[in-house]
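One chain comes next, on its own, written out as structure tokens in the form predicted alone.
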Amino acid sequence: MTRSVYFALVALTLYASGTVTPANAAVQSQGKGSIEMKPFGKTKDGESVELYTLRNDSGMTVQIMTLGGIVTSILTPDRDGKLDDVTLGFDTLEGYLAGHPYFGCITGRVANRIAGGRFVLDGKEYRLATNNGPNHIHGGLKGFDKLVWKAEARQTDQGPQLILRYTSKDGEEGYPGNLNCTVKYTLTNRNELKIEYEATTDKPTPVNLTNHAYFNLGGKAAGNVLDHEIQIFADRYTPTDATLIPTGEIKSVEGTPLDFRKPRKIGERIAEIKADPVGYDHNFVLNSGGKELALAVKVYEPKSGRTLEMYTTEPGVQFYTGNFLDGSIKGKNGVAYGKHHGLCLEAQHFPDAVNKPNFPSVVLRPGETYRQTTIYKFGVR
């Protein structure tokens, strides 16, 4: 039996069952792309990490590992059909284990910041790690980005899908309740990376999950993103104090450097941002209000012609321009990631919402199901 015939028979068997989990196995079907897995190394604690490669039939490839659900690579074509990697990260697991600014990962149990690392829920105060100055950020010292998730590969009508699961125990990082989390990554033939989140709990707890990918549509060695054009479908934003905690106000973007209601270059007014280091790190209040899956952001890189559209069910998006990158991190192919080398579009509920009663609530209670869907759609023009 030839190698190709063998894998064809394996693929047919797996497709009939809809799942695959063995090492180095693949799921394939005509017109629906494929998904393959290989070992990617071990954590410092000896846990095995797997790397999954999702391919569609439109010339796009996405790689995701089980450590932190990290999207390690997104290969998508430019206007001439040339593939390049449009997300920041590392070539090996060791790069991620050495520490990084949340490249491509699932962030939680609560993404973004909680003021003072504390909140009160149903009359009880909870204390969390203060791992971002005086505040708590992205789930704590060992948030979801640093944990190994259980994986299941599946073929769907939309395309190859990776399902990741993790149970966060009651008291983990200071949060109450056992939280059962599922995150589904689907690569469609429309060049969409679709991310669906679900969670349930046995005690009231705050939940705010997102993905922290850094995008650079020019490719892995393209330099900064200041020439990218961006449009954000938000008339308002949440002002912050000096530690990036929202004041509780919701203000208009009109007349500010945060006005991206019409497309313009990221670098056009970035110098007007009063921050150190200078750059965007702001929560935008989306016009859709988080009521349904809606277009939130458009990005265009003129040299490559690549485009990115972000759709989400969330009420907000954190637009961050890699302000703290300083060239000290050597990424893929040894490229030094300097200031503004990537941009993040983190679909979310608002920062510090658990302490701001006028913000949309992030509290999940027993019997409820947390759901969030975000789609990153790639194209060219």
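Just so you know, these numbers come straight off a predicted model, no measurement behind them. A residue's number is simply how far along the shown sequence it sits, counting from 1.
Separately, the form predicted in complex with ligand BGC exists; it is not shown, and the next lines address it.
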Quick one: Tyr102, Asp281 and Glu346 and ligand BGC in the predicted complex, is every residue within 4.5 Å by at least one heavy atom?
yes
Exactly one listed stretch (257-265, 228-236, 153-161, 137-145) reaches within 4.5 angstroms of ligand BGC in the predicted complex by non-hydrogen atoms, and it is 137-145
In the predicted complex, the residue from Ile270, Leu244, Ile250, Ala221 with a non-hydrogen atom within 4.5 Å of ligand BGC is Leu244
Among Tyr337, Tyr320, Phe350, Tyr52, just one has a heavy atom within 4.5 Å of ligand BGC in the predicted complex, namely Tyr320
- [ ] Please check if Tyr214 has a heavy atom lying within 4.5 Å of any heavy atom of ligand BGC in the predicted complex.
- [x] yes
Any of the heavy atoms of Arg113 lying within 4.5 Å of ligand BGC in the predicted complex?
yes
Looking in the predicted complex, the residues of 285-300 with a heavy atom no more than 4.5 Å from ligand BGC, listed in order, are none
